[in-house]
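Only one chain comes next, encoded as structure tokens, the form predicted alone.
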Amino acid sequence: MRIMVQKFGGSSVATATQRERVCARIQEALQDGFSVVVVVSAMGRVGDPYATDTLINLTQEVYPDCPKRELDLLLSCGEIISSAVLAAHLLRLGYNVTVLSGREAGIITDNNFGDARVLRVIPTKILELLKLKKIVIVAGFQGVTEEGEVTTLGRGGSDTTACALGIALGAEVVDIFTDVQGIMTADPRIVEKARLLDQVTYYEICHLAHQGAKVIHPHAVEMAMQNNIPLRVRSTFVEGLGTLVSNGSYGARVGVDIRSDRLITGITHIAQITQLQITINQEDVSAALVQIFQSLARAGISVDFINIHPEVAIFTVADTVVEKAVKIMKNLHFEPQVRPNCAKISVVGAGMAGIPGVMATIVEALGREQIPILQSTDSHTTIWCLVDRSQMERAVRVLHQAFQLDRED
């Protein structure tokens, strides 16, 4: 049995017209000989009646600190509604369909309500239904603990549902359908000549997703990578195979030249971050650093873009937690220098490892446009530069041009 998992995001199932397009995508997979498992998100975006954020607001307007356990019960309803409505469309077309909640689909998670991790999937019921030639629709974004408590998987959780099911079912491919054509070399709203990528590696898309590309959740990619399940990021509304994410070639990409000489894959960006710089005038610098980062961790503050020097610690935090972080530092008798309104630009490419000149190109391109680099760091696949928020979009365009990403490989 050839199994395909298809995931459709909220924008794909928001209206009756869009749901009819989803049905067409499901029909295509059936015609290609696949047994199909469909994962859906809640319908629409912020402000739509059944969107996740709309459901959150139902309780926050009354009591802003609703327990996460009770909130998960509410939030799981959005995907249930979406699944049942999509099933109605398919039933009207004459298809045999069964809808399953996360619990019924066998998705077992830990008890971290609001951001649960999938522990395992028991796909017995899904496989039984597929053998009966049924289309199985699974409510995304949700699972159940060992004790039977309903959980949700955090933002982008339906991507995680799809990948977890793809792994458990031994799917031939997992298609992530969204409202864009696939993975682009940069945000097309910023870079007019941003180009669709036919293929990327798991490592590249993980870095792109972590650093601002919001097409697919990075945890879902990590799951697929660990189990070598090919992913395709595709458009619900535009024809085409989108972007293949894998470690190598895949049957649907026969004839595609997978070239190892692509230096840079894409440019991403994250705004709304603040840089903190702390001078450490203590004899035991190591102890001071432990105190700083442990205190921030206990407060639930994630730090990023970390540079440690003999007497200075520099890092960034989200704008939303700056006030809290500064207060913690002052309670520890440090006076942080605060640089607000920053943005992080990420240059991502698996081909850059060990290749000289990448940083030189970045420095030259930004310097030519008089865009100061406030901070930088790198890994084997990514170089990050911190710039002023007002320079962010120009920096993305400049680097996209500098690495000639508008040209075909």
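Numbers for residues come from their place in the sequence shown, where the first is 1. This is a predicted model, so every value here is computed, not measured. We call the rigid core whatever largest set of C-alpha positions still superposes within 1.5 Å between the two forms.
Unshown form predicted together with a small molecule; subsequent notes refer to it.
- Taken together, the three residues L263, T361 and R397 all stay farther than 4.5 Å from the small molecule in the predicted bound form, as judged by their closest heavy atom.
- This chain is drawn without the small molecule; in the predicted bound form, the residue among E128, D319, D179, E335 with a heavy atom within 4.5 Å of it is D179.
- Only one of G240, G170, P188, G114 lies close to the small molecule in the predicted bound form, with a heavy atom inside 4.5 Å, and it is P188.
- Although the partner is absent here, R69 is not a contact residue: none of its heavy atoms lies within 4.5 angstroms of the small molecule in the predicted bound form.
- Taking the partner from the other structure, the small molecule in the predicted bound form has a heavy atom within 4.5 Å of a heavy atom of I183.
- Of the heavy atoms in Q18, none are within 4.5 Å of the small molecule in the predicted bound form.
- Though the partner is left out of this view, K324 does not reach within 4.5 Å of the small molecule in the predicted bound form, counting heavy atoms only.
- Here the chain stands by itself, but in the predicted bound form one stretch of 188-196, 89-97, 305-313, 286-294, 188-196, has heavy atoms within 4.5 Å of the small molecule.
- Fitting the two forms on the rigid core leaves the C-alpha of I267 displaced by at least 2 angstroms between this form and the one not shown.
- Fitting the two forms on the rigid core leaves the C-alpha of S35 displaced by under 2 angstroms between this form and the one not shown.
- V13 shows a C-alpha shift below 2 Å between this form and the one not shown [criterion: core-superposed Cα displacement of 2 Å].
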